[in-house]
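Shown next as structure tokens: one chain only, the form predicted on its own.
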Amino acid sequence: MTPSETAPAQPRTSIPGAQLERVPVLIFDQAGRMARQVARRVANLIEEGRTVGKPVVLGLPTGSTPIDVYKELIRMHRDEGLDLSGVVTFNLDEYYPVNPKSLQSYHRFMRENFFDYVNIPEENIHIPRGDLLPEDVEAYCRAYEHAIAEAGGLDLLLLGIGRSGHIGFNEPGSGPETRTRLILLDEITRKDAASDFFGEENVPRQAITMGVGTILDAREIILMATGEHKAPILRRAVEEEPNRSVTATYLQLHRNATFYVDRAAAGELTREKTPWLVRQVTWDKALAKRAVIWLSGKLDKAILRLEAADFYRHHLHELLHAYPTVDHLTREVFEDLRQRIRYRESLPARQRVILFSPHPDDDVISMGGMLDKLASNENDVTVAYMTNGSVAVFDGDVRRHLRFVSFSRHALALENDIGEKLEARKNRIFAFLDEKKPGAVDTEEIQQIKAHIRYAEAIAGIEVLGLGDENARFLDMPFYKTGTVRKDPIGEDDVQVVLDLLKEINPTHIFVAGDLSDPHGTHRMCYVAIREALKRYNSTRQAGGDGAQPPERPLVWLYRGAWQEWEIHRADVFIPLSKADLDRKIEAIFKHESQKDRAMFPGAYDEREFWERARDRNAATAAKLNKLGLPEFYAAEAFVTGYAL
């Protein structure tokens, strides 16, 4: 396919409301279900090729999104006898320069997540090399294109999408004429990769990637996207005309390209965000509330000031006709929101509460105001820190704390033989840190020290809110303890850790991070472990066990992390915060000194510190409520309750 053979695609879907989408989009309620369907398509293609004796040529991506596809293909190979011996693979890209054995190399990623567990012949595996001499790169890229052509071209190409809109590493500015080449990485891409490389300064500035033209030559393309953080760029890729600013828009030019996305990633599509603009809808209370809030925001007009003409001018006449008058509609929505505002007196009191905090600072960053009020209401609060957070501690913090202990030997009675051993250990650790390369795995003792730094900070944080070390529980879940940013999958041991705590505490309320856009993925993985443990825990409640009174089914509260807040129409509870409340919350966040001023993993394109994000987010939530005509608060936190994990 050449640029001259293509034309901007027209909508190619019969899905109601999808007329603005210029490429077919399949939306899945669960990312796991999406991954299984993609894997099944790959398996069917492999079986078809085996039947006719033709090798199947696959283009493969890396990243977190395709991992579940690879897991399912591995399961099919192991449990169902899926034979991949006739498969030829070409990976999309690789950082440059990078050693194939390094932690960040896509060679290593593919072997650890796929190739080592299936029977694709070694000679059939092709991954761009990141260890070439500069003078050899251009010829190598031509040879890579030739190898794809010699294999008969790509039968099926799997893709992800970057927040810059890139496919492969085809950054903004890439066009359909491009082929496999060396490319400079966009700033967004390098920031998103910073956690893998332990700092943006360690991320390679270049990569070798298939070109857009190479991608469009594939016979079939499936692009996969999951998570709310992909929603804005996905909407642009699907609803904008093909353009060089969002490379993924060029997939609209392909005759057989389909986007597979979870509902979170689809959240900004017009048919999902404002479906009444593109199709006839059935108006229930939830959708009516969403539309009224949208209209109020669009017109910058308080809900109770909206007039019938406002609804008519914005394609909401059917909604208006579903109610006796505009006053009935607006008052119903206003009262619904007003009743979701909960002051301290109406929050849980003298009950058993578990706050699950994925990292040792998510508790105070995300819901420090709520935690403050739970403590004031004399609840029996357990803050369960699920991971030790050690990979987010700078080596300089280790040096600083060890120097403190060394200087305090006399005060701590650490003298004589003990003091000498302490100095020897300190010097050995300093020597290791002096020689340590960026991204290298710490020794076990350094990992422990970094974990203990986070633990001490966590306790100092909750002390500001009236709790103490007796309220902290450090679960140190096994999946996290790899010493690297990439974690092991959630396993039975992780689930058991959570289940044991649930059985011990028998909580009436549990608070869970619902921020599935966490760029580290840790929040998502902790969520999975809690979901499975809670399922088992609740089943014991139903069974009744040995005749003893089964534990009460806990009420689940979902909070959001540092990255974003619940939308007004989705939140079930708003907790008002005064200036004094917010100041206490910020003071608690300040106690996490290793994350202050400069965090290891701050997330891409947000230079604010975590306390600033928390402050601004809480202030923004209060401002949105105020603009809707609700009481004016200094700040507010939002929660979703009664959620079925």
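Small disclaimer: the values here were computed from a predicted structure and weren't measured. The first residue of the shown sequence is 1; numbering continues from there.
The same protein also exists as the form predicted in complex with a small molecule; that form is not shown, yet it is the one meant from here on.
Visitor: Decide whether residue 230 counts as a contact residue for the small molecule in the predicted bound form under a heavy atom distance cut-off of 4.5 Å.
Guide: Yes, contact at 4.5 Å.
Visitor: Could you confirm whether residue 37 comes within 4.5 Å of the small molecule in the predicted bound form, counting heavy atoms only?
Guide: Contact check for residue 37: no, nothing within 4.5 Å of the small molecule in the predicted bound form.
Visitor: Looking at the partner-bound form in the predicted bound form, is residue 369 within 4.5 Å of the small molecule by any heavy atom?
Guide: Residue-level check for residue 369: no, no contact with the small molecule.
Visitor: In the predicted bound form, does residue 62 come within 4.5 Å of the small molecule, counting heavy atoms only?
Guide: Residue-level check for residue 62: yes, a contact with the small molecule.
Visitor: Hey, of 356-364, 123-131, 158-166, 311-319, which bit sits against the small molecule in the predicted bound form at 4.5 Å between non-hydrogen atoms?
Guide: Correct option: 158-166.
Visitor: Which of 197, 114, 106, 537 has a heavy atom within 4.5 Å of the small molecule in the predicted bound form?
Guide: Exactly one residue meets the criterion: 106.
Visitor: Could you work out which of 239, 262, 93, 565 is the residue within 4.5 angstroms of the small molecule in the predicted bound form, going by heavy atoms?
Guide: Filtering the options by heavy-atom distance leaves 93.
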